[in-house]
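The form predicted alone is given below as one chain in structure tokens.
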């Protein structure tokens, strides 16, 4: 029995050593010029939530000064190792979603939050959870649970690359998946008004935390800033059935100013750089 425990302990130590070795190898490799980010087709297919998530990753990489080429593919969702977009292809590595991408980039020696103390890092993670649990969930609810939006926007866009009846079959499958998630987290019975109120509460909390600072943790952006920008900018610049969702964000002037600031600093003036075209390919810019 003791030999078995010792063998298991040795196996765990070897596994841990392998993980750290892999991270060190990744960190030793420089960021390549041909790094690519994959998402769905921009003009005719991608939905609000995926567009927001993609823009958040692009903003994060831009803040890290890491170039990435945006590649739009109709089947990007099915190419992703997690089934979610965006995902990046860097060297021989494929990583999807902001959280894992932040860790991957950190392993290469690039971090936006190293200057924070442990309390600030915990606070940053809490606000990121708030955004994911409230804004992202609200976007998914609007896309797949609001009947008018589903019929007029979601079905036509989500299934646009595919012929009938495949376009409807894939849309129904995705809708079933999202609605099952909504039921599991207690959102299935909510009305649109209740969802919009949740968005308002989230924006209020973000507005209070931001205050008059340029970024959530004073003068330097973190992954929280990238995440918030991705969602708020996309909400503000995406044409939906009504403006109710964007109006919730517009009620907070410091949040809209925050979005303009990041657009100007990290996207404006870089139109020729394929890594920074996302904000300018939205329905409209925030800049006036």
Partner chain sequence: MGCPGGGGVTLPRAIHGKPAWCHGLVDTAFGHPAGGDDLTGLLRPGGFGLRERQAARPAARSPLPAARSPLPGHEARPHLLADGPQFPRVFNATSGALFYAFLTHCEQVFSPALQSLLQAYAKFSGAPLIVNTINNCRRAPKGDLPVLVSEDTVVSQPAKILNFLRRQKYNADYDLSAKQGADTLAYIALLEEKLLPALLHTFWIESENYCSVTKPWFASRIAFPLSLYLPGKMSREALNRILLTKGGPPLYSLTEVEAQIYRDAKECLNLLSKRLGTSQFFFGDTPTTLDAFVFGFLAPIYKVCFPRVQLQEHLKQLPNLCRFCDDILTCYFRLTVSGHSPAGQDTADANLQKLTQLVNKESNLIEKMDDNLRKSPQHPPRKLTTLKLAAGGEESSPMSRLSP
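If you're wondering where the values come from, they're calculated on a predicted model, not measured in any experiment. Residue numbers count along the first chain shown, from 1.
One more form of this protein should be noted, the form predicted together with its partner chain, which is absent from this view; the next part is about it.
Student: Does its partner chain come within 4.5 Å of any heavy atom of residue 173 in the predicted bound form?
Tutor: Outside the cut-off, so no.
Student: Heavy atoms within 4.5 Å of its partner chain in the predicted bound form: does residue 106 have any?
Tutor: Judged by the heavy-atom cut-off of 4.5 Å, residue 106 is well away from its partner chain in the predicted bound form.
Student: Determine whether any heavy atom of residue 89 comes within 4.5 Å of a heavy atom of its partner chain in the predicted bound form, and answer yes or no.
Tutor: Residue-level check for residue 89: no, no contact with its partner chain.
Student: Classify residue 151 as contacting or not contacting its partner chain in the predicted bound form by the rule of any non-hydrogen atom within 4.5 angstroms, answering yes or no.
Tutor: The answer is no: residue 151 has no heavy atom within 4.5 Å of its partner chain.
Student: Looking at 173-181, 159-167, 139-147, 67-75, which one sits within 4.5 Å of its partner chain in the predicted bound form if you count heavy atoms only?
Tutor: Stretch with heavy atoms near the partner: 173-181.
Student: Judged by heavy atoms and a 4.5 Å cut-off, are 219, 248 and 264 together in contact with its partner chain in the predicted bound form?
Tutor: Zero of three within 4.5 Å in the predicted bound form.
Student: Note that its partner chain is not shown here; using its position in the predicted bound form, name the residues of 119-156 with a heavy atom within 4.5 Å of it, in sequence order.
Tutor: In sequence order, 119, 122, 123, 125, 126, 127, 129, 130, 133 come within 4.5 Å of the partner.
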